[in-house]
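First, one chain by itself in structure tokens, the form predicted on its own.
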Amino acid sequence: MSAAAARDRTGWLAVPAVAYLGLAYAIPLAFLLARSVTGPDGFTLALFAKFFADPFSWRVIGNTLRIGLLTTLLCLAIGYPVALAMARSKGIVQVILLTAIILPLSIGVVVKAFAWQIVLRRDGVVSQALVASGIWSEPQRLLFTEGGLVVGAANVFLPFMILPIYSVVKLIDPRLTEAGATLGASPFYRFRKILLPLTLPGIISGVAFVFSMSVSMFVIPSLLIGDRFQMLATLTGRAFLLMRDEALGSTTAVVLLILALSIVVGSTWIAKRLGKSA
């Protein structure tokens, strides 16, 4: 049997997954897209025109982008050093770090969100720590604030930033930075000129993962900030579950989908550009 024939038969292994995605994802998504451009007289973009003409819609889009950006930046600031430490550690230390990162993924998002409700309230651990450090003069409530939402979301999505960066750093030869040191380069210069450019593909992948999940999260903002702060995902859920407004729900869902796809396509394009220039 030729190699080309073997490759052709190997492609059939993907058929079950493709069939499942088609039934469970593509077909419902097609119905959702069709509902957003269908009116009493057939095809129309009136639902989108009505949505974008409302100042409240732009405030919801702004909330979504702002929370997604802040959550991504916080995950990157915390996750990048952790990924470097994991990649350079050895033996039992690396096993402990990997377990600490992966084990929380087995806990449901709802459980984590309820746990953060306890942590972020006025008498919670965060408030007491800030008062003890002198940053706050008296206990304050972080629950039902944007800051509390960003902290809680970053805790949930942090592994999705660490693991892509870790997988890239693991492939980098540590002798590259050692060679820079022997040539007299400072630690900051070696980081800026050697390590950071080589880890950009992992950073872009982590940013795409975290930002896409942050803008589309529903349970976390529902439990940590409530209905008074609307994001596109929570507005979509509210439209379908409470308001029974399929037109609004399908419109906001399509806007959210386009936003998430733009991030994925943009990050893929940047990753390819970096790959060609490397």
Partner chain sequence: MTSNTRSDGINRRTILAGFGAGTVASLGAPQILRAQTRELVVGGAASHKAWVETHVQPLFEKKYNAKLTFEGTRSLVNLEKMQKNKDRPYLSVVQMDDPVMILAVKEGLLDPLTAAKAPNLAKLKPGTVHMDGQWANYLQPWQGIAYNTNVIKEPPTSWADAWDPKYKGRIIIPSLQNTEGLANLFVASSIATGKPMAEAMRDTESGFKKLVSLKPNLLTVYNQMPQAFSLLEQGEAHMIVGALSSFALQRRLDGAPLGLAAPKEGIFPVPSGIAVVKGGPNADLAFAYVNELLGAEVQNKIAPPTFALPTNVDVPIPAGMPTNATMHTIDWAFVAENRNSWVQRWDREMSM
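Numbering follows the first chain given and starts at 1. For clarity, every value in this text was computed on a predicted model and none was experimentally measured.
In what follows, reference is made to the form predicted together with its partner chain, a form of this protein that is not presented.
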Given that the partner is absent here, does residue 38 sit within 4.5 Å of its partner chain in the predicted complex, heavy atoms only?
-> no
Can residue 235 be called a contact residue for its partner chain in the predicted complex at 4.5 Å between heavy atoms?
-> yes
So, in the predicted complex, is residue 52 in contact with its partner chain at a 4.5 angstroms heavy atom limit?
-> no
With the partner left out of view, is residue 135 within 4.5 angstroms of its partner chain in the predicted complex by any non-hydrogen atom?
-> no
Partner contact check in the predicted complex: of 28 to 36, 243 to 251, 41 to 49, 207 to 215, the stretch with a heavy atom within 4.5 Å of its partner chain is 243 to 251
State the residue from 129, 96, 111, 118 whose non-hydrogen atoms include one within 4.5 Å of its partner chain in the predicted complex.
-> 118
Members of 33 to 67 lying within 4.5 angstroms of its partner chain, judged by heavy atom, in the predicted complex = 54, 56, 59
